[in-house]
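Here we start with a single chain on its own, the form predicted on its own, put down as structure tokens.
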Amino acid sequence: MIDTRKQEESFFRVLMIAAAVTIMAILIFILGTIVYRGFPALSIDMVTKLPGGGFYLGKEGGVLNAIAGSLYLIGGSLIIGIFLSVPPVMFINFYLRPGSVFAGVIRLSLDILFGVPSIVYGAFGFALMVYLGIKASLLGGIIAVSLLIMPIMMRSFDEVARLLPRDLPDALLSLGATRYEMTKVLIRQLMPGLVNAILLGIGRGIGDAATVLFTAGYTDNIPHALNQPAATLPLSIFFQLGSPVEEVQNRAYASALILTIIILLLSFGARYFSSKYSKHKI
């Protein structure tokens, strides 16, 4: 007699292995293409110089403006995103009663916002900028990217917060801790989850082009004020790939390689920061 359960187990094991191998193959193919096309075009000038005259036609220059603009943009967006994401998550998980209808409505709203295309956030940010009288600038890009990554960060942080034991806040309060002290302890316990939420925000925000297309503008210079336009690496890659010159197209892959390296460095830095706090977990 054939063991049906063993067959089902073997089938799904093969299916999971095939899915994992497919995902790894796609990742390797993407990274391999970027490295193969981009590494020969990568140079010191690419990361240390601004675009010169005719850069998009194959002449000298680099993408320092886009590197600085991307870092400014994601840095400002993360600051706003963290300060506006953590308090609501802490409130619905540790200040409202379990099963609260209000908390359910907030989570449903975040799920809807999570699936909104980035171009919609860019259009909304542009409309908001027009209403407030803000020109295409670094500030406009920060606002738009903040709106993009906040639902992602809040929903990811919320899922981790829901895994924390429900009796921990009561235990802290019973020991004489104030609400503020309780929140500090809870945030320390949730720090690895917050870091994961930040990593998701970095990955979505720093690599998005549609959101900043109408809000941050583009410039060959490094912005020195919030009201100045800012270039980003995704837009720089887009413009370079649109060039008919093969050398410029290869520079686009080099810019993509730079963007990948920046994301990896930020990820490793966040993981290191998280590991320091995870030592204090209960």
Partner chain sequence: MQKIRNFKDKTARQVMLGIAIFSLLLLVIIGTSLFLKALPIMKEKNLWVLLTSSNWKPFKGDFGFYPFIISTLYVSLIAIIIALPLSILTSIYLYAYSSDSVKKVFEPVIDLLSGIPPVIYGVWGTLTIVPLIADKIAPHFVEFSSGYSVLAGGLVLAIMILPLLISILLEVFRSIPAEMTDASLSLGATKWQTVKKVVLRKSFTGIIAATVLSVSRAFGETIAILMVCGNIAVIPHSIFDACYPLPALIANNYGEMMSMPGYESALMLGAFLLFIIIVIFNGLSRVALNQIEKRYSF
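Residue numbers count along the first chain shown, from 1. Computed from a predicted structure; not experimentally measured. The term rigid core refers to the most C-alpha atoms you can superpose between the two forms while keeping them within 1.5 Å.
One more form of this protein, predicted together with its partner chain, exists but is not displayed; see below.
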### Query
Though only this chain appears here, would Ser100 touch its partner chain in the predicted complex if you measure heavy atom gaps against 4.5 Å?
no
### Proximity of Pro223 to its partner chain in the predicted complex, heavy atoms at 4.5 Å
no
### Query
Closest heavy atom of Ser174 to its partner chain in the predicted complex, within 4.5 Å or not?
no
### Query
Going by a heavy atom distance of 4.5 Å, is Arg37 a contact of its partner chain in the predicted complex?
yes
### Query
Are there residues in 208-226 with a heavy atom within 4.5 Å of its partner chain in the predicted complex, and which are they, in order?
Ala209, Ala210, Leu213, Phe214
### Query
Under a superposition restricted to the rigid core, does Ile28 display a Cα displacement of 2 angstroms or more between the shown form and the other one?
yes
### Message
Using the rigid core as the reference frame, would you say Gly133 shifts its C-alpha by 2 Å or more between the shown form and the other one?
### Response
no
### Query
Does Arg179 count as moved between the shown form and the other one, where moved means a C-alpha shift of 2 angstroms or more after fitting the rigid core?
yes
